[in-house]
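First comes one chain, alone, set out as C-alpha cells in the form predicted on its own.
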Amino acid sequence: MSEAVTRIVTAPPGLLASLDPLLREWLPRQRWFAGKGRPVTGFTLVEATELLPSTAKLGLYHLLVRAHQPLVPGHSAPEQPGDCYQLLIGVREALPPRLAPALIGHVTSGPLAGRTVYEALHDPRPAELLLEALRTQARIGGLRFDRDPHQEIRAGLVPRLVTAEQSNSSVVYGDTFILKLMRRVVPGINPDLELPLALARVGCPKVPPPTAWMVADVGRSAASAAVTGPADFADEPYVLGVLQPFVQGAADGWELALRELAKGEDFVAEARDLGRATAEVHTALARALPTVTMGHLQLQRTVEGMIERLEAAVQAVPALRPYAPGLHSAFTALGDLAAEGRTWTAQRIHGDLHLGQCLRSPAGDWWLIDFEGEPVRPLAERRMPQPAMKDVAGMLRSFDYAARSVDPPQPDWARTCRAAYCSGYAEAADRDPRTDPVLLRAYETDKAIYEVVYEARHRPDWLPVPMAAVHRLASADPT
C-alpha cells in the first residue's frame, strides 16, 4: 500500500473576497445549486486548500463555502449562512477554447487579480490530480484521501466529466472508476459512503463497493483553522466524494425503460429482476446494520409527518384540495393499524430509490447506486431506519412516471411492471410488498404528494403525471 502524502497548505488572504462577485453570478446557474429563486448575498469560507499553486501556469483551489441567502425572495429579513458547497476552482491566465463552457469569470482584485477562474472538473489535469491523491492516500491541508487497500487504482487513467448530472458531479476514469463529488455537503457520516461500505463488508453483489473516498476534516488542521474562523461543525468531517468501480456498458434504468416503451416492448423481465435485486440489497442492509421495531409511538410520528406534508401541499397546490380527504385516509388507516398494536421493522434503506438510481449491466445484472437519500432532507433523517416499503413505493412511482412520460401514456405498462417488480421482490425476500397494502399505500401516497409539489414548482407540464396517481390513491380501491 502506498504511503500517504501529506502537505500543509494555506490559502492566500483575500481569496474568497476576490472571488465573491463572480461566484454570486455563477453559482445560482449551476444545476446542483439548491437555493434557486433567492439571490446569493455573500459567502462564508469553511475550508480553502491550494491543490496546485496559483503562481504556476495552472492553479487549483478546493473550497468549501457557505452561501448566504434571504429566507424569502425579496424579503428584508436578515440573510443567514445557508448550504455549504464544494467548489474546485481552476486558475489560468486565459482559458483555451475547449474550456470556454467552464468559465466562472475574470478576477479583478486580490491574490488572483488578472487571472481567469473556471470550473476545474472540465479540465483533465485537475481531475487527474484528484485520482492520484486518492491512489496515494494523500493528506493536503484539511483534505484526506482514503482508499480500500484491497482494490488497485492504476495511475494514468484518462478522466472525462459526466455531463448528465443534477445534484452532484461525476468523473469517469478510463471506464474503470467513477468519482462522484458531492456539491452540497453537510458535516457527518454520508450514507452514500456508509451504506456501500457496509454492503461491501457483507458481500452484497448488487452495489459497487467503494474504492476510495475524499473527506474534509474541517477544524482539525492548521490550514483550516487559519481560514475558518468560528467553529464550523469542527468535530464532524465532510464526506466530499466517493470513487467506485465503473459499470462499463451499463444502461441507466430510466433510459432503458423509456427505450423499451418507445419500441412498444414490455419491461416485465427487467422489472422482476430489479425487484429481486432490491430485496437482496434490503436483506443485506438488515444483516449489516441494526434494525428496530416501529411500534405505536414511532408509527404515529411517521403518520403525523405524512399528514403535515399533505396539509402543506394542499396549501401550495390547490389542485390537490378535492383529493385531500381520500389522501388523508391513506395515512389514518396506517395510524389505525398502529393503534391496534401492529408493528413493522425499520432498517437502513436506499432512501431515494427510482429507475434513475439503478444500472443494468450488459450481462443483465442490476446494480443500485447513489445511496445519498433525498438531499433536501436533513442528514440525521436520511440515516434513520425506515420500513423498506419506502424504497418499494419509490420504485413503483418511477414505473408510473416512465409510463406517463410517453405520448400516449401507457398505464397498463406501468401496472405490469409494478406487479413484476413486487413478484421479483417476493422471490428474494419471501414477502410480497402487496401483502401489506396499508403501509404500501401510505408511502406511495406520501411520495405522490411530494411529486405534485415538485412538479407544480419546477415542471408544471409534468403535473398530470403525479396527479393521475393522486386520483388513484385517493380512491377507495387504490390498486
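Numbering starts at 1 and follows the sequence shown. Treat the numbers as computed from the prediction; the structure is a model and nothing was measured.
Missing here is the form predicted together with a small molecule; even so, the following discussion is about that form.
The candidate stretches are 247-255, 338-346, 149-157, 87-95, and the one lying within 4.5 Å of the small molecule in the model of the complex by heavy atoms is 247-255. At the 4.5 Å threshold, heavy atoms of residue 372 reach the small molecule in the model of the complex.
Taking non-hydrogen atoms only, residue 163 never approaches the small molecule to within 4.5 angstroms in the model of the complex.
Among residues of the shown chain, residue 211 is not one whose heavy atoms approach the small molecule to within 4.5 Å in the model of the complex. Proximity of residue 329 to the small molecule in the model of the complex: non-hydrogen atoms within 4.5 Å are absent; the residue sits far from the partner. Screening 356, 82, 111, 187 for any heavy atom within 4.5 Å of the small molecule in the model of the complex leaves a single hit, 356. Of the residues given (178, 121, 133, 99), 178 alone sits with a heavy atom within 4.5 Å of the small molecule in the model of the complex.
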